[in-house]
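Just the one chain here, the form predicted on its own, laid out as structure tokens.
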């Protein structure tokens, strides 16, 4: 996919943050857009900011498997085809393994992993049929390293990474016309930390302020990096200088990165 003009792009979580910025970046390149979010008000704001673009919005809860498959059929009916799917919707949870509830664990997995897996599987036949498809699944730097108080988020994002890397190999081995990319953003200045669930012992205000200080990249910059990675057919798209640094440390040190994370966490997460 060397050119995005007139391609039909599906973006989940488009009501704010990276999803909204992706919609803008794709619209600027001439994409036709199928945008979804559970936040309908935010989705309306995104669409209104894309004046002149070919945009249709959909209310969608990505934790609902049947809703995602129905959404895929609806998008194809509305646009005639699908070329690009960006499974971007996500949530966060800060809690230790001991204190997080089953409900919170399931909430994260249903959205951050199953939302991606079902979104991929629902649209994959249509991407193959287009003859020029691309799946982009958003993991995280927490899909590269384990971090205290992020076990549920780590589980989901590591799962996204493994699922996506396996899919890329399958598409190549089967000679299917679908490229596959996994995105690993570092700290992005979005609302995900403010909307995150917290464990009972967490100092929510301090945790969120701490995340804000670590967020190095704007959603707009993140979106441009992702779109450029799509056009280059990159298998792994690292977003932000912190993502590049974490990836390098992981590659160089292997599991020996953990003492570094422990020291960082003692200072910044155990507040």
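Numbering follows the first chain given and starts at 1. Note that the coordinates shown come from a computational prediction; the quantities given were computed from them, not determined experimentally.
Form predicted together with a small molecule: not shown, discussed below.
**Q** Note which of 237, 53, 67, 38 lies within 4.5 Å of the small molecule in the predicted bound form, where distance is taken over heavy atoms; exactly one does.
**A** That would be 38.
**Q** Of 62, 246, 33, 227, which residue is found within 4.5 angstroms of the small molecule in the predicted bound form when only non-hydrogen atoms are counted?
**A** Of the listed residues, the single hit is 62.
**Q** Only one of these stretches, 76 to 84, 131 to 139, 167 to 175, 98 to 106, has heavy atoms within 4.5 Å of the small molecule in the predicted bound form; which one is it?
**A** Result for this chain: 131 to 139.
**Q** Hey, in the predicted bound form, does residue 187 get a heavy atom within 4.5 angstroms of the small molecule?
**A** Result yes; residue 187 sits at the interface with the small molecule in the predicted bound form.
**Q** Given that the partner is absent here, does residue 89 sit within 4.5 Å of the small molecule in the predicted bound form, heavy atoms only?
**A** Yes, residue 89 lies within 4.5 Å of the small molecule in the predicted bound form.
**Q** Using heavy atoms and a 4.5 Å limit, would one call residue 25 a contact residue for the small molecule in the predicted bound form?
**A** Residue 25 lies outside the contact set for the small molecule.
**Q** Any of the heavy atoms of residue 10 lying within 4.5 Å of the small molecule in the predicted bound form?
**A** No, residue 10 is distant from the partner.
**Q** I have 1, 120 and 233 flagged as a candidate spot, so tell me whether each of them has a non-hydrogen atom within 4.5 Å of the small molecule in the predicted bound form.
**A** Not a single residue of the candidate spot has a heavy atom within 4.5 Å of the small molecule in the predicted bound form.
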